[in-house]
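One chain follows as structure tokens, the form predicted on its own.
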Amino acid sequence: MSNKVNQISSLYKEKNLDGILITSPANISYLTNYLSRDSWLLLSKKGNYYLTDSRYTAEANKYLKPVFLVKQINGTGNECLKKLSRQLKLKNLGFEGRHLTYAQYHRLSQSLGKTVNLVHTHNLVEDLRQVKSADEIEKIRFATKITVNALNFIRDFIQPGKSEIEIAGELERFIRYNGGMGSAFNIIVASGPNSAFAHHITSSRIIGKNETVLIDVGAEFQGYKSDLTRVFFSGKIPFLAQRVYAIVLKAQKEAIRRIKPGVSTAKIDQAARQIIAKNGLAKAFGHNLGHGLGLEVHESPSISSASASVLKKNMVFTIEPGIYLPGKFGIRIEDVILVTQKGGEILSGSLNK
């Protein structure tokens, strides 16, 4: 049995559970080392079962045996789980409260009846996912390399007369042609005043002369994500944009300088935020400084003032300070950071941007 499954088994047994139902695709992928699609994972004292339909059973059997027994769903997942629960004599079954809607919970509860007690669990798998294995780090590293190459490629394409959506399309094509499964999320290309919207929806707007072009893009490689933001200019760089860029870069460098095991994520956020505030732009930076990265684009830990997380070796997350001036432009610089024993390794390259 895999070490990951052993760890989860220990956690649910501590809670006096007979098993746990995993419904988050990312959590299932993590525990099985297999990209989950339309499936559930039942871990129990008497066996571990991967529940899916006929589209995936042959492939799942190839990759998951003998650690997981593949059960084909004929009918509904609830019916399949009901039969397994009776077979395994489950009494207290944990479920992921974050990943099961009320309607799903209600239907599942009705199906299982009074013989099975459903028990809410919170972040059991997500907490394990915060610290990456060597294999996970290499996948994130490669996804990040593809993204860096895509951003270098797109430089010459960013010209007045091009549309935001054209640039996004070229980036998507590059990612797929260079080893990525696709973009990790909807690519953001925000030009001119659109760059003042932190998460602008890429549009058909045509880029003008001497404008800011903010690009937020990530690649996916074997399920693992990257996430980078760079700012380009379609001509001359206005003085105000130069000043704001320098402030954002200084804030990012200071935050990264403070990264090491044992430091709270709140302090990392504070380090960047103080520099922006000293320059009179505190209100122009409203979002968190960063977020965990892995099987999901946004996962734990959160790099924010409200977070109680403490950095550990082999955590991977983004550092992305930004300043947004409505009606003018926005500047955000985002990099992927790996926590090492000595500090923070920038997986996306040099900060001399």
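Please read all numbers here as calculations on a predicted model, not as lab measurements. Position 1 is the first residue in the sequence shown; the rest follow in order.
Below, we refer to the form predicted in complex with another copy of the chain, which is not included among the displayed structures.
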item: is_contact(Tyr56, another copy of the chain) in the predicted complex, heavy atom dist at most 4.5 Å; value: yes
item: Contact flag, Asn74 vs another copy of the chain in the predicted complex, heavy atom cut 4.5 Å; value: no
item: 4.5 angstroms heavy atom contact with another copy of the chain in the predicted complex for Ala196; value: no
item: Val263: touches another copy of the chain in the predicted complex, heavy atom cutoff 4.5 angstroms; value: no
item: One residue of Glu254, Glu166, Glu126, Glu136 in contact with another copy of the chain, assessed in the predicted complex (non-hydrogen atom, 4.5 angstroms); value: Glu166
item: Proximity to another copy of the chain in the predicted complex, single hit among Lys145, Lys162, Arg273, Arg258 (heavy atom within 4.5 Å); value: Lys162
item: Contact test, all of Phe239, Gly294 and Lys328, partner another copy of the chain in the predicted complex, heavy atom 4.5 Å; value: no
item: Stretch from 210-218, 276-284, 243-251, 96-104 whose residues place a heavy atom within 4.5 Å of another copy of the chain in the predicted complex; value: 96-104
item: Members of 159-181 lying within 4.5 angstroms of another copy of the chain, judged by heavy atom, in the predicted complex; value: Lys162, Ile165, Glu166, Ala168, Gly169, Glu170, Glu172, Arg173, Arg176, Tyr177, Gly180, Met181
